[in-house]
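Just the one chain here, the form predicted alone, laid out as structure tokens.
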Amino acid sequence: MCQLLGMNCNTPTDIIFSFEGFSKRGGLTDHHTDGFGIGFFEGRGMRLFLDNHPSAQSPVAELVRNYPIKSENVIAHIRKASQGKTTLENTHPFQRELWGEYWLFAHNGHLLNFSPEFEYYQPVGCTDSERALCYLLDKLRRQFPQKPDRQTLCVAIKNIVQEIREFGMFNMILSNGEMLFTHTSTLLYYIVRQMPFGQARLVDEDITIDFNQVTTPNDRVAVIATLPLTNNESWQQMAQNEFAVFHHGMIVYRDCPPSPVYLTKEEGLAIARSVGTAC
């Protein structure tokens, strides 16, 4: 299936360690060769890197590895196409403006017969993912001419996400540079790194890091991924149909089913294969 990666922190942080392992899943340690992208928020601005070629061999990915950008919110995506050709306009993450803020979005899944009408936002490419972002922001703009408070915004996005997920598999990460919104249909994991820090070893690359050497005692970093990126840390799995919002490296809003269901990796991959989003 497509691979999602997100980071939300309380201080600008680089994502190079996580991206080093994550990028290998685009054609080396996994079979996802339909492009990749990564976006970094910096103040009110954003750096967005996209390539419609596999991330494991991409010169753009190499540029990102050698350019340690520090950001409080990052979203990356490795694509396994289920809708739309392998072109740059169909490559995640997708970006739009709302309330004078950039919004960044990446999706893993497949939405069937999802063809909403739009008032303010139009897709450039032909993916269900970009249509989902346009629909979500369209509804927010119609509902709130001005940006609402955090609690109201979280509830509103959760309600729209619940509408969209009725059309199929909808794992997603969304950010406005302040908060990071997540939803799980099948597989999504997260870890919060804070004091006391320890060592972490990548799953996809023979690299280990000691976070004590590269952090301060006040740092708090949440990393979200389709599957855990390290094999010696305790990643927390999100439940099916769970919606969670991260701010400053911790969960500030959560909506989880009363009887949560947690899929195994094999079950999640089986669902992805059934809709054509995994090899």
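For clarity, every value in this text was computed on a predicted model and none was experimentally measured. One-based numbering along the sequence shown.
Here the subject shifts to the form predicted together with a further copy of the same chain, a form of this protein not shown in this document.
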Candidate stretches 222-230, 237-245, 58-66, 207-215, one within 4.5 Å of a further copy of the same chain in the predicted bound form by heavy atom
58-66
Go through 201, 193, 141, 150 and name the one with a heavy atom inside 4.5 Å of a further copy of the same chain in the predicted bound form.
141
Check each of 165, 96, 131, 183 and return the one that places a heavy atom within 4.5 angstroms of a further copy of the same chain in the predicted bound form.
96
With heavy atoms only and a cut-off of 4.5 Å, decide whether residue 47 touches a further copy of the same chain in the predicted bound form.
yes
Even though a further copy of the same chain is not shown here, does residue 124 get within 4.5 Å of it in the predicted bound form, heavy atoms only?
yes
Please tell me whether any heavy atom belonging to residue 197 falls inside 4.5 Å of a heavy atom of a further copy of the same chain, as the geometry stands in the predicted bound form.
no
Verify the contact flag for residue 88: yes if a non-hydrogen atom of it lies within 4.5 Å of a non-hydrogen atom of a further copy of the same chain in the predicted bound form, no if not.
yes
